[in-house]
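What follows are structure tokens for two forms of the same protein chain, given separately as structure 1 and structure 2.
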Structure 1
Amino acid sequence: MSLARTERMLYAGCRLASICSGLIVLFIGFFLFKESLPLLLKINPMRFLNDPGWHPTEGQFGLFPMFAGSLLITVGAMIVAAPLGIILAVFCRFFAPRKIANAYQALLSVLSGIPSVVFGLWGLVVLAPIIRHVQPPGVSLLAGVLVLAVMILPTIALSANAAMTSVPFEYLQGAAALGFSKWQRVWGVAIPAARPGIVTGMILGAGRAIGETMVVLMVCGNVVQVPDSVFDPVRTLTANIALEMSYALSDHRAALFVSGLMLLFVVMGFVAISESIRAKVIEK
């Protein structure tokens, strides 16, 4: 009798805890929406893209430059980090001796644990002055792209490595038996076979890059503009929220929540794409 009761209590407690943790994500969506709603009802949502400028206290809510900034930074970081990440994974899997490969993977996981504010500090103090020598002001789109690329490189390399490790050994053996060179085995067999895993890792990396705040806030200069060159400073959606949230009131505050909501949708889109790739692989 009493045993059954303790068991029921345990079950109820655990069930309640899981309902709580499941609801958090819904709460996040709900509160973001609730805080955005006053402004969404007041103005035409297209104005967030079309307004000529970002002067939220004067009723101009053009988020387009920030949107462009976020997108450019993410695309740039992917262009730098994706090839490097794949090459590093190939190195660890096919070219390095076992011990060196293990040490390298350990180095990558150490790197993935370094907080973004430390990357930002390094970018601001070391990298930005170097870029300033080439072309002032130094804090720029390029600085953001490079630091973010370093930051997401471990994610991409480690997941590409995991994907290549799970390619069946028979594929590679078969290719070797057919007289493929090592290079052909890697680029012609291993990478195509591991493609879904590699792409999933890249999408994870892109999601991290677009949601990253501290690095872009510290090294990108935060000027509201669509950049003309990689040396121009930019402001991203995330940096915009971090810069203005502490003093924003009423419509201004709501506009920041709208940009948060936009960001959330983009990241959810990334998650949905990588999930559908994973689902397809499992189907096969």
Structure 2
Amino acid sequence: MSLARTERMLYAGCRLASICSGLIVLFIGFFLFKESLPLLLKINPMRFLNDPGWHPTEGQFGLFPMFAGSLLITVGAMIVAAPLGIILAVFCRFFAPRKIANAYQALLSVLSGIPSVVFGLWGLVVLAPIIRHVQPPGVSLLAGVLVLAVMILPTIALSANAAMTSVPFEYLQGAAALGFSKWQRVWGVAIPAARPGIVTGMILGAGRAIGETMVVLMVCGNVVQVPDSVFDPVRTLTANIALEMSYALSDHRAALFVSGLMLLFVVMGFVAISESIRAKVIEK
């Protein structure tokens, strides 16, 4: 088989895979919209944010407390995990001895493959009782933030490490020739050059956090409310779908699909932000 024919086949295969991926996303979006449409046609969509509570059998479809819970947990987990992941990647790439760096990367790879239910059990059995000693009830927004931060840390750290590894050596060599210290080369050259990959890893981590179900189901308390503090229990959109879909009917079922549609829009927003940052970096 000639090289040109192999390249054409590879190009066709990549193109087909890209088309299939796009069609899958469109199909998921269409399915969620189709299942949500009966309720969207019946009530004003703003009611999902303005209704005083979540009582779908009584005609109240307030999703705002669960939407707020999902965003708060995601943002909190990112605030904890993103700096730690970047610092860990910098340590492994530029400061750690090779054996230690390889051990760290292997540990992170193992950590990224642990099922979420295991993290949930750890949070429920170990972390929640510690928080309860500080402020009851223990299962809370804080517990969800900390467990999700541990879950997404490997994704952010490994992505940041890969991005920094791909920075051309000539950049660092040129900075060294100009008299930059090692810290200056890392923070002034390597991290800015690796920013698109770092941002991509952060977006992947945020997507995993906001879409996580089992952990928040186990450690967040599942109370439909906007929390006044990090020690209050919350319920997320994903947990709400998992808890109620098995018995939901009619408008109640459609409202749960609206929850899924909201999550899809949030993830699309994350991707748009990532692409915007990437475009700005490329322009520079």
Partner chain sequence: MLCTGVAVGVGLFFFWLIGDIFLKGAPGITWEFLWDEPENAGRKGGIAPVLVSTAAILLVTLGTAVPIGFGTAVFLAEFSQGKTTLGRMVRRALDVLASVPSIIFGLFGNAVFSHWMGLGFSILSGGLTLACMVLPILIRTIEAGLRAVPLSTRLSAAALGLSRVAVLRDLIFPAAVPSLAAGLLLGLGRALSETAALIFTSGYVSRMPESLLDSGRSLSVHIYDLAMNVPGGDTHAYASAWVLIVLLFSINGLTALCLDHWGKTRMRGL
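Think of the rigid core as the biggest set of C-alphas that the two forms share within 1.5 Å after superposition. Structure 1's sequence is the ruler for residue numbers, which start at 1. Since this is a predicted model, take the numbers as computed values, not measurements.
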Fill in: Which of the two shown structures is the form predicted alone
2
Practice prompt. Could you check whether the CA atom of Leu26 moves 2 Å or more between structure 1 and structure 2, using the rigid core for the fit?
Written response: yes
Worksheet item: Superposing on the core, what C-alpha displacement does Ala272 show between structure 1 and structure 2, in angstrom?
Response: 4.3
